[in-house]
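Quick setup: one chain, the form predicted alone, written in structure tokens, and binding and motion questions come after.
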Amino acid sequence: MLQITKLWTGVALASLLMLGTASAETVLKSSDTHPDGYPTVEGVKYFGELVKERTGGRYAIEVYHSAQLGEEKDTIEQVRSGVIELNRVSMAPFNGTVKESIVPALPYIFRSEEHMHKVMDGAIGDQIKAAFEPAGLVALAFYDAGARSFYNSKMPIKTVADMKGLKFRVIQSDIFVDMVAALGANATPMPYGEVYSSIETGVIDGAENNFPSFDTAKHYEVAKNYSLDEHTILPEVFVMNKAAFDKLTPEDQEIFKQAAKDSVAKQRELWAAKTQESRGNVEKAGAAINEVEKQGFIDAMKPVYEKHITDEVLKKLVADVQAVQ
């Protein structure tokens, strides 16, 4: 009888230990507007795998893709207020909140994706990351989002003159509104999820984005003219609610930071492959890809810089970015 009692006590104790392990796991929510399998979604998933492994299962990351928790503007407020802990979002919607985020969002600030990597991986990137903290956020990583270009349902765009009078959806950012205006077109800020129906119904003529978004959102079905003006090479930013980050032990904070850093290489690898695949997909589906006279687009951006780069901090940041070789 004593042996049976000991046996049941051991089973009960093991069950309690298992329950304790399960309850010790803290699940953090992360949002992304893109569909499952998209490189940014997979980058955050990989970050989550590393965090879970390196904390011995004490933390897990639950990724809500496909705008399940709302469009980017809504989820930015959710992560700042602590409703969700993590968020992958484009840099541009932060322009009104984090001043330094304006610089990476400027048209033609980066000469190439390689130039953007050097800037964002170095001291300038660290300076921009630090600027998120007063907004209640910790910037953990910068992800790739490639070059953004204009596409529309009306005609191929080859020169700035072709932009005149066309209506384009843009990210909810003053820089993007002013960029489109400087090109002689009309900007309509709206959530990403509304773009397809708005082009289809003629509310707008087109939008601007990278090849993977043009492909996965199926915008090529309603706007077949994609023009390679490549006006921005806009990084994505992966942020965490600062209060949630501050609750972590110093050791766990380092784990989160390193996991985010390690996820960048994975995300970039996935991004490069997806860009190539998506360009092939949209061409196969009948989208026309055309070159543009890019210098005309670059020259038209002078008033955008004059309006948005007004203080010495931003002027120096622009000069520092341009000086990176």
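Here the structure is a predicted model, which is why all the values come from computation and not from measurement. Note that residue numbering follows the sequence shown and begins at 1.
A second form of this protein, the form predicted in complex with beta-D-galactopyranuronic acid, is not displayed here; the remarks below concern that form.
Heavy atom within 4.5 Å of beta-D-galactopyranuronic acid in the model of the complex - the one residue of 108, 245, 192, 220 that qualifies: Only one listed residue qualifies here, and that residue is 192.
Could you work out which of 215, 100, 230, 72 is the residue within 4.5 angstroms of beta-D-galactopyranuronic acid in the model of the complex, going by heavy atoms? Checking each option against beta-D-galactopyranuronic acid in the model of the complex, the one that comes within 4.5 Å is 72.
Verify the contact flag for residue 152: yes if a non-hydrogen atom of it lies within 4.5 Å of a non-hydrogen atom of beta-D-galactopyranuronic acid in the model of the complex, no if not. No - in the model of the complex, heavy atoms of residue 152 and beta-D-galactopyranuronic acid never come within 4.5 Å of each other.
Considering only heavy atoms, tell me if residue 65 and beta-D-galactopyranuronic acid come within 4.5 Å of each other in the model of the complex. Result no; residue 65 lies far from beta-D-galactopyranuronic acid in the model of the complex.
Is the gap between residue 236 and beta-D-galactopyranuronic acid in the model of the complex 4.5 Å or less for some heavy atom pair? Result yes; residue 236 sits at the interface with beta-D-galactopyranuronic acid in the model of the complex.
Taking heavy atoms and a 4.5 Å cut-off, does residue 173 contact beta-D-galactopyranuronic acid in the model of the complex? Heavy-atom contact with beta-D-galactopyranuronic acid at 4.5 Å: absent for residue 173.
Among 222-230, 115-123, 83-91, 159-167, which stretch has residues with heavy atoms no more than 4.5 Å from beta-D-galactopyranuronic acid in the model of the complex? Stretch with heavy atoms near the partner: 83-91.
Pick out the residues of 199-221 whose heavy atoms come within 4.5 Å of beta-D-galactopyranuronic acid in the model of the complex. Result: 209, 210, 213.
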